Structure formats: structure tokens, C-alpha cells
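Alright, here's a single protein chain in two forms, structure 1 and structure 2, each given by itself as C-alpha cells.
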Structure 1
């Protein structure tokens, strides 16, 4: 363990910048976006320096610590606000600051017509700070601060155009769904404190061997709930589609590349819990498997380009969660897919934003068509991202996704067949819906109105897209050459225990199988969308269900929202009638009795004398009767 003094700047710089931009107000309008971008770039520079200095160290000296201050000190319970930069966090830090900086640059042009651009950049910087705190915290409590911070930033950015009520509702929905997951994380923190007397990662890891199976399963389940909330996994996935209400750079940064992958980080970081509890691990597998198919299916029916990409994000994170459920070797592949996904999905979102920018913010793909001719750079970068996500060699997704499918098949027994089959089916559907996006948007005949004049976006926008496209092409190969990423992460996730040899299928077989189903998916999509009607056809009952996000909102509405509202109404009525009745009743009795009692105060001396006489007589009678 090495001591570092630079880690705090990673968080402090964007945080201070966000505060400056928000507090100065309109004064900062002219240069706010430049400051924010500069700050983001400098965090990337710090991250790069830290990365290279980490590479120059070896073995146990690689992780770096910075102890900031004692946060909580109660009896034997101590929490330090400490930052931990190890092999796992540096992957995230580079992704967040790198993709974050590119998206800052992109947003300068994308948001140039918005009079609130400064506020947008302030929120972006706030997000970067919170996300870095999330991945740098050395305990669950520190992570929790960042966890809530990114939730806040996500809420603010989804509702950035909150003058439209639907967008404000979308922001609220995301916040509430995240809150359900946050309950899981806070319960997990409480369980680990009760069980291990510590909330730091190292403290919990040290306590795991002595803990009971039931406690570990409960801890794992709560961590999974937290991950499901933040990463839009089943059953808390419904918010991600609506989160596309935010500006497109936000969708690219927060709802594709970084924040939604926090769940994968949480599970990978807590690998010791899941390794020790097969039940919790199986739950992870189930959630990941369901979500990857769920998201892929939803993606096939969306006409809104951003919602199609959001469904795809959900599905790809399903792959990562699935991989984390596969044991030690899975973690490294989950992180590899996370990083490659960060490149190609952010790139495709920026491409979608570029198309929208040229098409007067039209998002309906049925009104696109033949955009490849007028926006060549966007089309090429989007196309490279597309080849990466469907897993065509040698693009990034091929390496990362094939590894996950292969590991899934090799999980052993019927579990391996089911999980591997789901992953393979998911790959086929992914190929179908991504081809659909490409065909509907960039090829075919033009279906937009004549007054729309699509044009290629300015260089500030396409340069980040090109850089991300290069990442989508090359990152998979780089991560995989000589098992670079697996070996890099091995000290953190204990992947050393992985055994080769008892494989159900050889890597070559899996790759050919995957390429086969991908080819099928692509061909079906190309054949099906040779002609595209501008208005969506009615479709059969299945299509309708898929268009309604497989009824997830209807389910939530019927089962959770309405009974919840009914319960609330019941309590309101109880409060109004019963509780208020008691309070008002007591007051009423006092008022009525005092009104009546006041009547004996009539001011006549004779009546006072009479009352006194009667009183004395009553007293004497009482005494007489008692003594009798």
C-alpha cells in the first residue's frame, strides 16, 4: 500500500468548479463551460499520472491510499474519510474522467443554444466529483456518499429541462426507483456493521470467513438490490428508459458509460461476499440473465433512438451483472465489458445526439433514413460502435462479450447451459435491434420533412465521437492481449484461482456460435426493415406488449403505485377524521364547558353568596355523611 497525496484533487477540483459555477450565476455564463471542461481534463491528467505511477510500482505496493480525516469516531467504531485507488478503481477513474472530458467537450457545442449551459456544466462537474468519490471511497459509507451524489446529479440532469412536466416526472421516477435501491445499500451497510463491526472494504473482507451463511446471503441480496437500483436491473429497471429525457450528453455519460455501471462496481468490489455465498451469487446470475433478455427485447420495439439505446444499455449491463455472478474470472470480464461498453455506447449516444442535433431534435427513427449520406462522420463512428456492440471481431465487444458467453457456458452443469443460452440469445437479439437502429437511421430512403436540413455536426462534437470510436475498435484487443486486464485486476478480485481446461466449449466454438447467431439477427433485421413505414404499424399483441416495455410500468403502477396511493389516502383520511377528531373533540369539550361555566359568573353578589352557602352545606353534608 502506497500513500498518495493527489487523490483528493480528483474529487475536490470538479466539486469546487461546480460550486463556483452554481454560486456565481450568470456572471460565469461566458466562461463556465470552459472552466468545467478544463477541470474535467485536469482530473483526467491526474488520473493518467496516477495510472502510470501505479504501473511503475509492483505487487502489493500498487494500491494507493490517502487518509483525509476521521469522519466518525464513536467508541470502538471508527470511519475514516479515506480514498483508495487500486487496480479496480483506476479503471473506473480513467473511464469516468476520460469519457467525461470527451463529453464535456461535446456538450460545449451540443448545448451552445441553451441559455442555461453554465448550470448544465456545473451539474456535469458535480456528477464527476460524486462518481469519483463513489469509486475512490475505501469503505461502504464513503461509497454511499458518492452513490447518493451521483443519484442527485442524475436527477438534476434528467430534469434539466424541467419546464416540460413529463421530463420533471421522469427525473422524479429515476430518483424514486434509485431510492428503493439505496435502501438496499443502507441495509447492507447496517448488516456489515452489525456482523463485522466495520464498514470498510478490508474490514468486511476480513470478517467474511467468520460470518454465518445466512448473514452473507442477506448482505449479498441487499448489495444486489442496491446494484439493481443504480444499474437499472430487473426489477428496478423501469427508470432508465424515461431517464432519456435528459440532454443526450447526459445519457451518454451517466446513463450509459458511468453511473449505471456503479452496480457492477459495487458487486465486483464486494466480490468476497458473493464468493462466500453461492445463493447470493445465483441471485446475481438470475437478475443479470433476466435483465439482459428483458432489455434486448424492449430494444427491438423502440422507435425513439435514445430509448432503443437505453434498452440496449440495460441489456449490456445485464451481461456485466451476469458475469459478476460467475465467480472470480467473471469479475474481470465484467469490468472488461464495462470499459468497452463505456466506449462504444457513449460513442453511439453521442452519435444519436449528433443526428438529433442535425434533425431539429427529432428522435423518432421512423422519420430518419438515409442520414449516412448527409452525416458521414456520425454514420461511420456510430457504425464502428455498432460493430463493437454486436461483437464482430476484431472490435471491442467481440472480446468482452464472447468472454462472458464463454465463461457462462463453462459455469458447469445445467446452470451453465441456461446462463450461456440466455447470453447467446441476448447476443442474437442485440444484433437484431442494433441493426434495426442502423438501418432505420442511416440507410434506406429519406423519410424526414423537406424543411429539415440535416447537416454534419461541428468538429467539437465529432472529435469526441471519433476518439470514442477508436476506443470501440481497439480497446477490446488491448485489454485482451496477453490477458492484460485479467492479470491487472487479479490482485483485487482473486482471479488467480481460475482453472482452465474443464471447459464445456472451446473458445473457438463459442466465438463461431456467437458469430452465427449474430449473423442470423443481422439478416432478419435487414430483411425485415427493407421498407420502413413512417407511422408505426399496429402490430400484434406481442409487439404491443414489448412496446410498452413488457408492461413493466403497468405492473409497477397496478401493484406498487396504486396500492401505495390507496394506503396513503387511507392514512390521510384517518388523520383527518380520527386523529384530528380527538384533538378537536378535546378542544370542543373545553370550549363548551367554559361557555356554560361562565354563566354562573353573573356579577350579582347575592348569587355568589347563595353558591357559597350551597357549597358550605354540601361540604358539611359530605363530612357528616363520611363521619356517620
Structure 2
């Protein structure tokens, strides 16, 4: 383990810059966005320096650590505020700072007319600092601080335009859903302390072989609950679509490249727990499989371009979660898909923002059409991301998603058939709904009003889109070449050197199957959406259900919201009638008693003398009775 003194700057720089922009207020309006962008670029430079320094070292010397201070010291329980940069966390640090810097640059132009642009950039840097703390903390408790910071920053960014009630509601919905998941992480920390006397990753890993299966299953279940909340996985997925209320750069940074991947990081970082608990690992597979199909189905019916991409994000994170449930071989492929997804999905979200910029903030794809003719850079960069996500070779998604599908099929037995089949079906639906987005937005005939004049975005917006498009093309090949990423991550997620079992389905067979279902999905979408009405048709009952997000909000409303409101109203009535009734009753008794006692204070000496005589007689009587 190497000691580094630079890790703290990765967190401190964006955190301090956020504080400066918030505390200075309007003074920083003219230059706040430039400071925030410069700081984000500086953190990327530090991350790159650390990465190349790590590559120059070998073996156990590769990870770097920085001990800041002792946070908690009670008896034998000690928690240090320490930062850990290893082969896993550096992947996230580079993604957060690299993609984050591109989104900062994009936001300079995208938010140029917003009165509160300085505050927006302050929130962006607060988010970056919290996300970096999340992936750099060396214990679950340190991670938890960043985890909560990310939740706060996402709430502020989703509700940035909170003058619109619907946007404020969306921010609260995301916050509440994430808090449910946060309870899982809190309980996981408590279980770790109770079972192992430690909350550090190394301490928990050392104690896992001596823990009971029940304890490991409980710990894994709580970690999975936390991951489901932050990564919008079943059953805590309902907040992600509404979170598109935030500015489009927020969707690109938080809901495509970074925050929603925190759950994948948590499970991968906790691989020793899930590897030791087959039950918890099966739970991960189930959640990932359900979510990848759930998100894909929802994406087929969304006319809002950002919500279609949000559903796609939910589905792709489902692939990553599923991969982490496939054991030591799957973790590296989950991270590979996470990194490639960071490029192509962030690029597509920025492309959606570019389209909205040229279409007077219109988000309904049925009112687009033929935009590719007037916005060629946006169309090409978005198109490259599209080819990457549906898995066309040699684009990024072909390498990462195919590896997940292959590993799923090779899990063996009925599990392999079910999980692999779900992943393959998800690929087909992905090809359908993403082709639908392309056809409705960039091809066909124009369907916009004459008052709208679509145009290409300024260079500060399209340059980041071009860079991300290059990543969409090349990243998968680079990560897969010579098993580069698998070998890089092996010391962290596969230190025992587990190898893939007997291949039940060869890579070429999986690739041909995947390409076959992709071709089917693309063809159906083209045939169906070559010509579309501006207004969505009513559709059959199944279509209506899918358009309503498979009734997830209806379910939550009936099962959680209404019973919760009824319970709250019951307690309010109990408080008013019983608790407050007791208080009011005591007050009434005191008032009545004081009124009656006040009557004897009449101001007559004879009355007072009589009271004294009665008192003396009562006292003498009492003494006499006691002495008998």
C-alpha cells in the first residue's frame, strides 16, 4: 500500500469551490461557472496523475491511501477518516471527474441564460465532491458520508427550478426513495459493527469467513436495498423518470454517468459479502433481471426524449447489477459496462439537451422529425451513442453488454437459461426503443411548428458531445483488448483468480444471437415509426399500462402513500383528541381548582380566623389520633 498526499485534494477542491460560490452569492455570478469548471478540470488532472502513478507501480504497492484524522475512537472501535485509491476506485474517479468536466463545459453554454447559473455550478461541484468521497472512502462509514452528500446534491439539482411545483415534487420524490435505500446502508453498517467489530472494507472482508450465513445474507440484503435506492433498481425505481425535471446536464452527470452507478460500486466493493452468501447473490440477480426488463419496457412507450433515456438508464444499470450477481467473473464486466455506459449515455443526454436547445425546450419526440438535417453534429454524436448502446460492433456496448449476456448464459443450469434469456430479451427491447428515439427525432419528415427554428448548438455544447462520442466508439475495444480491464480489476474483485467455468455458449454464438435480436428490434421500430401521428394514439390496455410506467406510481400510491396518509391522519386525530385532550384536561382541572380556591380569599378577617381555627382543630385531631 502506497501513501499519497494528493487524494484529499480530489475532494477538497470541488467542495471548497462549491462553498465559495454559495457564500459569495451574486458577487460570483460573472465568473462562478469558470471557477467551477477549472476546479473540475483540475480534479481530473490530479486523477490522471494518480492513475499513471498507480500504473507505474505493481502488485500490492499499487493502491494508495491517505489517512486524514481519527474520526471515532471508542474503546477498541476506531474509525479513521481515510481515503483509499485502488484499481476499482480509480475507474470511478476518472469517470466522475472526466465526464464531469465535459458536462461543466457543456453547461456553460446550456445554462448561459439562467439567472442562477452560479448556484447551479456550485451544486454540480458539491455533487462531484460527495461522489468522490463515496468512492474514495476506505470504510462503509466514510462511504456513507459521501452517499448522503450525493443524495443532498441530487435533491438540489433535480429541484433546481423549484419554482415549478412539479419539479419540487420530483426532487422530494427522489429524496424520499433514496432515503429508503439509505436505511439499508445504515443497517448494513450496524450489522458490520455487531458482527465484525469493524466497518472498514478490510475489516469486514477479514471477518466474513467467520460469520454465519444468516448474518451475511442480512448484510447482503441491506447492501442491495441501498444499491436499489441509489441506482433506481426494483422496487425503488420510480423516482428516476421524474428526476428528469432537473436541467439536462444534471441528467447526464447524475442519472447517466455517476450517481446511479453508486449502487453498482457498493455491490462490487462488497463482493466478499455476496461471494460468501449465495442467497444474497441470487437476490442481486433477481433485482437486476427484473429491472433491466422493467426499464426496457417503460422505454418503449415514452414520448419525452429525456424520460425515454432515463428508462434506458434504469435498464442498463439493471444489466450491471445482474452482472455483479454472477460472481467474481461478473464484477469486471459490470464495471466495463458502467464505464462504456458513462460515455454513450452521457453523450446521448447531452444530445437530447442539444435537441431541446434548438427546439425551444420541446421534449415530445412526436413533435420532432428530420432534425438530423438541421443539427448534423448532434445527430451524428447521438447516433454513435445509439450504436454503442444497442451493441453493434465495434462500438462500446458490443464488448461490455455481450460479455454480460455471455457470462449470464454460462452461469449454468436453469439459472443460466433464465438470466441469459432475460439479458438477451433486454437487448432486443433496447434496440427497439432506442431505434424509436432515433427515428422519431432525427429522421422522417418534420413535425414541428413553424414558430420553431431548430439549429445546431454552440461549440461549447457540441465539443463535449464529440469527445463522448469518441468514447462511445473506442472505449469498449480499449477495455477489452487483452482483457485490459479484467486484469486491472482482478486484484480487487477477483484476488483468488477465479476463472470462467465451462463455456456452455461460445462468445461467437452469443454475439450472433445478440446481433440477431438487435436486428429484429431495429427492424420492428423502423417499420412501426416511419410515419407517426403528432399526438400519441390511445392504444390498447397493455400500451396504456406501459405508458404509466407499468403502474409503479399507482402501486406506490395505493400501497404506500394512501396507507401512510391514513396512518398519519390517525395519529393526528389521536394527538388532538387523546394527547392534547390530556393536556387540556389537566389545564382545565387546574383552572377549575384555582377558581374555587380563589373564592375563599374574600378579604374578610372573620373568614381567615375561622380557617385558622378549623386548621388548628384538624391538626390537634390528627395528633390525638396518632397518639392513641
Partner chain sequence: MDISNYLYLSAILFTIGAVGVVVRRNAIVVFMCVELMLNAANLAFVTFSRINGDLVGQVASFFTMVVAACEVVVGLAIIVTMYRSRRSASIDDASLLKR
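Numbering follows the first chain given and starts at 1. Think of the rigid core as the biggest set of C-alphas that the two forms share within 1.5 Å after superposition. These figures come from a predicted structure and were not determined experimentally.
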Where is the form predicted alone shown, in structure 1 or in structure 2? 2
After a core superposition, would you say residue 613 shifts its C-alpha by at least 2 Å between the two structures? yes
Determine whether the C-alpha of residue 604 shifts by 2 Å or more between the two structures once the rigid core is superposed. yes
Answer yes if the CA of residue 623 moves 2 Å or more between the two structures after aligning the rigid core, and no otherwise. yes
